[in-house]
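Before any questions on how it binds or moves, here is one chain, the form predicted alone, in structure tokens.
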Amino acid sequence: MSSPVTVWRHHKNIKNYLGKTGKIVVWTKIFIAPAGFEHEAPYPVAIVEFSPSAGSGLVTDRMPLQLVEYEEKHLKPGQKIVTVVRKLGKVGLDKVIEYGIKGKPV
């Protein structure tokens, strides 16, 4: 589990991923979730391919993302995705809210 300080440092980088558009390469549904995510199961996760950033030298950028606000019957390879900020949970005794990037079909 993350510490409140780690969460705060991570939040500063969220803006770099927010609003990126890409497409699903492949997706699956998680039925047995890892520790801390049991309450969310079952949930879909996709490998999303983004256009590379200028000057990155990469052919493509890919990222695994949990999907939100989706209709399962519409999830398929090639489906367009936009990155959004969503709550991940609370951390530590101070109950600092941790946010992260997830994918939303468009």
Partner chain sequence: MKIKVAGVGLTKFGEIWDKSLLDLALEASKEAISDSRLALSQIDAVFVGNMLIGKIAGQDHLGPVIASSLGLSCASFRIEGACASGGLAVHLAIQGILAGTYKNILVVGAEKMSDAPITQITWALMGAGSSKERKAGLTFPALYALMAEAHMQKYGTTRKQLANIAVKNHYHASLNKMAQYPFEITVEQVLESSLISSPITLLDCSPITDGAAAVVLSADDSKKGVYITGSAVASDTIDLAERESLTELKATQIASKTALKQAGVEIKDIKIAEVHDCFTIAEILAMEDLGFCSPGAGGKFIASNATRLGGKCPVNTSGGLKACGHPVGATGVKQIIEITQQLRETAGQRQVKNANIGLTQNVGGTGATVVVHVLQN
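None of the values given here were measured: they were computed from a predicted structure. Residue numbers count along the first chain shown, from 1.
Keep in mind that the form predicted together with the partner chain is not shown, yet the notes after this line are about it.
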field: Residues Gln79, Val82 and Val85 all lining the partner chain in the predicted complex, heavy atom within 4.5 Å
entry: no
query: Does Ser51 reach the partner chain in the predicted complex, with heavy atoms at most 4.5 Å apart?
result: no
task: Would you check, heavy atoms only and a 4.5 Å threshold, whether His74 touches the partner chain in the predicted complex?
output: no
task: Look up in the predicted complex whether His10 has a non-hydrogen atom within 4.5 angstroms of the partner chain, and give yes or no.
output: yes
- request: Verify the contact flag for Glu38: yes if a non-hydrogen atom of it lies within 4.5 Å of a non-hydrogen atom of the partner chain in the predicted complex, no if not.
  value: yes
Residues within stretch 26 to 43 having a non-hydrogen atom within 4.5 Å of the partner chain in the predicted complex: Val26, Trp27, Thr28, Lys29, Ile30, Phe31, Ile32, Ala33, Pro34, Ala35, Phe37, Glu38, Tyr43
